[in-house]
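What follows is a single chain, given as structure tokens, in the form predicted alone.
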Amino acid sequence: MVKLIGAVLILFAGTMIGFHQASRFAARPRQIRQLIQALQRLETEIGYGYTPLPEAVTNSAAHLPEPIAGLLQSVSRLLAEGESEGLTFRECWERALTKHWPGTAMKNSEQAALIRLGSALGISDRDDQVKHLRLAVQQLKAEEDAARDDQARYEKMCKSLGVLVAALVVILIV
């Protein structure tokens, strides 16, 4: 009876691990799409609304789901706190990315694009910032396409692999 319960628990755990990994493959393109929307909203705020960058980041965060909203809110908070410390937008941006990145399903290539963007925002005029935002959106769109390909290729495999590895462990134990 104990072996049977142990086998069921191992099967359950392996299946859940596979489904968790598959959900990360499904979440990555969705989060990249949300990030693209955030950057497009920033572009609109800066380019057409003539909104200062800290206020544009705050406004953009209000209309987005987690984890992207949390990232932008953290940037906004760091900018408000960093005024007294003399932090630049780039430093606030990188600190927020470092803090929130582990909570996302995105990879280092998306993070690198955002770090490059953060080093360009806040140090140039409005038109240049809009150009950098558009460039980052184009890079993220390419990453989104790659993420969709990965999702189609690996999502189902992860689910099956979780069940099969758990079944193998049960067979080896019993």
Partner chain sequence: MLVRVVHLLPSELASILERMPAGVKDTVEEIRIREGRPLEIGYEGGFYFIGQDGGLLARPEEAYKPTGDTCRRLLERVTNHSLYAMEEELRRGYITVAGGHRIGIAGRTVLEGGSVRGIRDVAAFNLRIAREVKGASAKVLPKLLDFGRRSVLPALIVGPPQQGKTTIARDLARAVSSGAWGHPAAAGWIGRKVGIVDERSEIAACVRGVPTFDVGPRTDVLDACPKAEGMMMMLRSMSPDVLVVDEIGRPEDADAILDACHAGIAVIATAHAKDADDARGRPVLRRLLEAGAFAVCVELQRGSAGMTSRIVAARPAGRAPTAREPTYTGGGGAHG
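Computed from a predicted model, the values in this text were never measured in an experiment. Numbering follows the first chain given and starts at 1.
There is also a form predicted together with its partner chain; it is not shown, and the following applies to it.
In the predicted complex, every residue of the candidate spot (50, 83 and 91) has a heavy atom lying within 4.5 Å of its partner chain.
Contact annotation for residue 60: none of its heavy atoms lies within 4.5 Å of its partner chain in the predicted complex. Using a 4.5 angstroms threshold between heavy atoms, residue 123 counts as touching its partner chain in the predicted complex. Contact check for residue 79: a heavy atom falls within 4.5 Å of its partner chain in the predicted complex.
Its partner chain in the predicted complex comes within 4.5 Å of a heavy atom belonging to residue 87. Residues placing heavy atoms within 4.5 Å of its partner chain in the predicted complex fall in a single listed stretch, namely 127 to 135, out of 30 to 38, 108 to 116, 127 to 135, 65 to 73.
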